[in-house]
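So this first bit is one chain, no partners, the form predicted alone, shown in structure tokens.
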């Protein structure tokens, strides 16, 4: 038989007349044991007061703005099932702490007073509706529960809600002063540089403004790791120069980048997780059955990344020809939006300029990008002696949510093997 229970404010320390800032239930609501009834706010923290019994709320005795102390009547609950028999320790609340009994006209027995379950601190969660264990879980992840929408009955936040919030925050751009996880990002200070000396103001190009926002989003939202390696391209370079003379007559420039494209396509086929993207939920990997590779092109107005399609199905000469054509379009600002869409992987080559290594930023929604620096002659120990070899530095940045370090090392090792012996491209 159901039993009427009076739920009282539990021990809240030395606090008196603590303001009620949220009431989470109303008459007629069905509540489960440990579900939060209201939130109190002291000068140091906010605290949730959960119910020790499950049942149906018959009356709510407080409202937002009321001030309560230990023993104050909160709600009257018609307890259900096994929860109707409250623990003896909880039921034995001091008579002086209970207000006058709530009775009906038929002189029914007075509801048994029950101290509410121990309250939980919610200093970082504000008015959120969540159990103590979920609040603890959110604190461990650094999540502000006031920004999480609960999917359980009555808007209660569960573990999946917190996890999905984190995944969404990682996949979304972070603009403004606050990140998706509730972490505050300090605004850049406004500085009058002219007081230190002569200055000149020059606006960023439209391309740099657009690419800058995307680069910032990608750097902030993707956990970048960079794997560094070297490839021996001595034979590749000799062959490139040999056929370069022949195809120069056809106005086709055979560049090292054409070999990089073909080798990267082979590596993407060997390691399909690199030829993929996370879906919007962040819980599934979309594996692509095509291989389109973007190439970063340095233009007078900023960096552009046109995409070469079906790289795996084309030969070196055709790739070299298309690479020359699309790079020229980019530099002449004749490239279209369609020319820069659909990429699976990106190559950023600084080999013609210099440098020994760098950390390229992943071009979302791709999961990896290859940086290529300037090749140099190095002594390599072979067959008992040091011999001069042309070594090419490789820098592979990858999304650590999708790819681990071992997979990245295998990828660059395979790529280096293909570049070292280009006959592998025919296999």
Ligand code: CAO
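Note that this is a predicted model, so its numbers are computed, not measured. Residue numbers count along the first chain shown, from 1.
As for the form predicted in complex with this ligand, it is not shown, yet the points below apply to it.
At the 4.5 Å threshold, heavy atoms of residue 155 stay clear of this ligand in the predicted bound form, well away from it. Using a 4.5 angstroms threshold between heavy atoms, residue 229 stays clear of this ligand in the predicted bound form. Contact check for residue 217: every heavy atom lies farther than 4.5 Å from this ligand in the predicted bound form. For the chain shown alone, residue 331 is a contact residue for this ligand in the predicted bound form, at least one non-hydrogen atom being within 4.5 angstroms. Only one of 247-255, 191-199, 278-286, 206-214 lies within 4.5 Å of this ligand in the predicted bound form by heavy atoms, and it is 247-255. A heavy atom within 4.5 Å of this ligand in the predicted bound form is found for one listed residue only; from 266, 73, 297, 148, this is 297. Site annotation in the predicted bound form: the residue of 129, 240, 262, 292 reaching within 4.5 Å of this ligand with a heavy atom is 240. No residue in the set 272, 362 and 397 has a non-hydrogen atom no more than 4.5 Å from this ligand in the predicted bound form.
Residues of 374-395 lying near this ligand in the predicted bound form, listed in sequence order, are 374, 375, 392, the criterion being any heavy atom within 4.5 Å.
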